[in-house]
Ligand SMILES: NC(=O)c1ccc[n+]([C@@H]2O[C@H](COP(=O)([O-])OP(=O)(O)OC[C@H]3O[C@@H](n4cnc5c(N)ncnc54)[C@H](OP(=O)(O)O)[C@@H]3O)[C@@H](O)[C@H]2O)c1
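Take a look at this single chain in structure tokens; it is the form predicted on its own.
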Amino acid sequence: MDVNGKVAIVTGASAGIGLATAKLLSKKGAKLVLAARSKDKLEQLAKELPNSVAVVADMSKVQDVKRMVKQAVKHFGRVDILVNNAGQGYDVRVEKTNPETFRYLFELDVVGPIAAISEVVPLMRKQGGGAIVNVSSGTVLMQLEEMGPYSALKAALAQLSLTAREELKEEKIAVTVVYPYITLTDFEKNTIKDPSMQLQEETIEGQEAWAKADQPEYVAELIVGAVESGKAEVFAHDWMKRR
């Protein structure tokens, strides 16, 4: 898909990967619906990017998701692209997983994106096609200690995405999963952590991994490239690909 002139919803657009993706889409001529919980940051970004509108939305709340899509249609009249990027991490051993925390993150990392898909697909169907990109995580391709709950959520999102891709391919709606590697954003700072565990970035292995971390602009290029190509899966690095 050529993104020039297309209407794109980007969730988690106020910072990190979402912010970089919004800027790149804008540079390529897309019209933007900028969604996140940070009202001030969104409104400032909307002033900086032409043909954009800020929509304050908590992706863990289905009503907010529905309102986000309705406001997109009200403002631009259509939705061509959905980038489900908003999410939060959870570093904890499986045995110490807090069920309430896990349930909240399930709503944010899985239910929110699926609710957004449910809202935009009928619109895309009427328009004759569209592109949906769901940002998963490279952790789903590994078994990393203290990351089981988070990777399980992102694995669920990936599986649902690939199934939706099969269901929608005849209607020219391409669903893509992007698997980022460690990225230099505030994601780690905002990750919910078990206070008893050692911070990953403080271990030798963690330090080595962070030394190879990607810039958010690099991941944004992968996401926008996924919109343009319509590929099923996009990996941040070739070594991450399934064998």
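In this text the structure is predicted, and so the values were computed from the model without any measurement. The first residue of the shown sequence is 1; numbering continues from there.
Not on display, but discussed next: the form predicted in complex with the ligand.
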Is it the case that Ile81, Ala116 and Glu217 all touch the ligand in the predicted complex, with a non-hydrogen atom of each within 4.5 angstroms? no
According to a 4.5 angstroms non-hydrogen atom cut-off, is Val227 in contact with the ligand in the predicted complex? no
Considering only heavy atoms, tell me if Ser136 and the ligand come within 4.5 Å of each other in the predicted complex. yes
So, in the predicted complex, is Ala15 in contact with the ligand at a 4.5 angstroms heavy atom limit? yes
Whether Met59 contacts the ligand in the predicted complex should be assessed with a 4.5 Å heavy atom distance threshold; does it? yes
Can you pick the stretch from 149 to 157, 125 to 133, 92 to 100, 165 to 173 whose heavy atoms fall within 4.5 Å of the ligand in the predicted complex? 149 to 157
Can you name the residues of 170 to 187 that have a heavy atom within 4.5 Å of the ligand in the predicted complex? Pro180, Tyr181, Ile182, Thr183, Thr185, Asp186, Phe187
